[in-house]
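Consider the single chain below, provided in structure tokens and representing the form predicted on its own.
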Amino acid sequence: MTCTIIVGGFFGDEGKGKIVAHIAHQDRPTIIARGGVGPNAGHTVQVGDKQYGVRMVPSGFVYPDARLCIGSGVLVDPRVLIAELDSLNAHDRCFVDFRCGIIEEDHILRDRRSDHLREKIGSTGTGCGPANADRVMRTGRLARDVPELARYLLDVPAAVNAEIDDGASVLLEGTQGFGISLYYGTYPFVTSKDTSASQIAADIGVGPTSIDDVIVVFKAYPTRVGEGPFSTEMTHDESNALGIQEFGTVTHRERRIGCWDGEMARYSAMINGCTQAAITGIDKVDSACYGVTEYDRLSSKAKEFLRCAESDIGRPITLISTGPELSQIIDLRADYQE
């Protein structure tokens, strides 16, 4: 079995939630663990007619047989977490590392009152930046200090590594995207920490020699929420003409739409140590591909896009999303493994 990391290759909103959920149902992991920043990133998963949006609980929650863990590098807002656990009825299978930093009300106020963060950077206002600053200054509280979280506390690295050592399948899911990494993104228009695969592994406490695969998720038409450079950005009229309009899961702000960026995809794949890639939104390249579940049924236009994208990335594209619903996907991983 394998330990797989799933991260975003562009600016976030690449459809990581769906990819995680699909792989979870196929690979049947015993643990799905979340790295990343905190509740400033939302993941959307659609199962049938029902759509879920989560900000704290791992997006693999739709696979019912896995324990859901939040790694020590993730900031936790107890109010957001417990509200999600209530709505998902997942209290008995979700665990928080006792070393997670806590987002306080003061962090949210500081975030929203900062002209620099709110106006220039385009912060989500969820308190993550100030909370990470307090963690660096060693003044923030940890999950072990919060009574409301007592029932969920766990040594997440110990639990995850025990499963890996036992030969089980484990998924490590990232949040945000490569383009807003504190180190590798479009600084200063970035989030408050690194978002690459190496950081996700560190957030959860898994060493690099235990990682088998890194799947980087790219959207056919990249999107970005908030401020910052976006070299392939379209005009509003251009994206509307293509029928593409999207809104952020957390902020509900309209996403900026861009064309495929092969140079960024190549660099992102390099930094993340990509072994396989996933492409989402192929139905936006050609609407005739909507809902297709077999590669041979894709149009020639879509196949040509995928050939070019695979050349840019430098790694095989093994997952192709053809629509928002969980079943609307082409999975070529078996061909790649052979």
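For every residue, the number given is its place in the sequence shown, counted from 1. This is a predicted model, so every value here is computed, not measured.
Just so you know, the form predicted together with a small molecule exists too; it's not on screen, but the next bit is about it.
Undergrad: Looking in the predicted bound form, is the small molecule within 4.5 angstroms of a heavy atom from every one of 41, 124 and 191?
TA: Contact check passed for all of 41, 124 and 191.
Undergrad: Just one of 198 to 206, 100 to 108, 161 to 169, 225 to 233 has heavy atoms within 4.5 Å of the small molecule in the predicted bound form; which?
TA: Result of the contact check: 225 to 233.
Undergrad: Determine whether any heavy atom of residue 180 comes within 4.5 Å of a heavy atom of the small molecule in the predicted bound form, and answer yes or no.
TA: Yes, residue 180 lies within 4.5 Å of the small molecule in the predicted bound form.
Undergrad: I'd like to know whether residue 239 contacts the small molecule in the predicted bound form, with contact meaning heavy atoms within 4.5 angstroms.
TA: No, residue 239 is distant from the partner.
Undergrad: Classify residue 253 as contacting or not contacting the small molecule in the predicted bound form by the rule of any non-hydrogen atom within 4.5 angstroms, answering yes or no.
TA: Residue 253: yes, in contact with the small molecule in the predicted bound form.
Undergrad: So, residue 268 and the small molecule: in the predicted bound form, are they within 4.5 Å at any heavy atom pair?
TA: Result no; residue 268 lies far from the small molecule in the predicted bound form.
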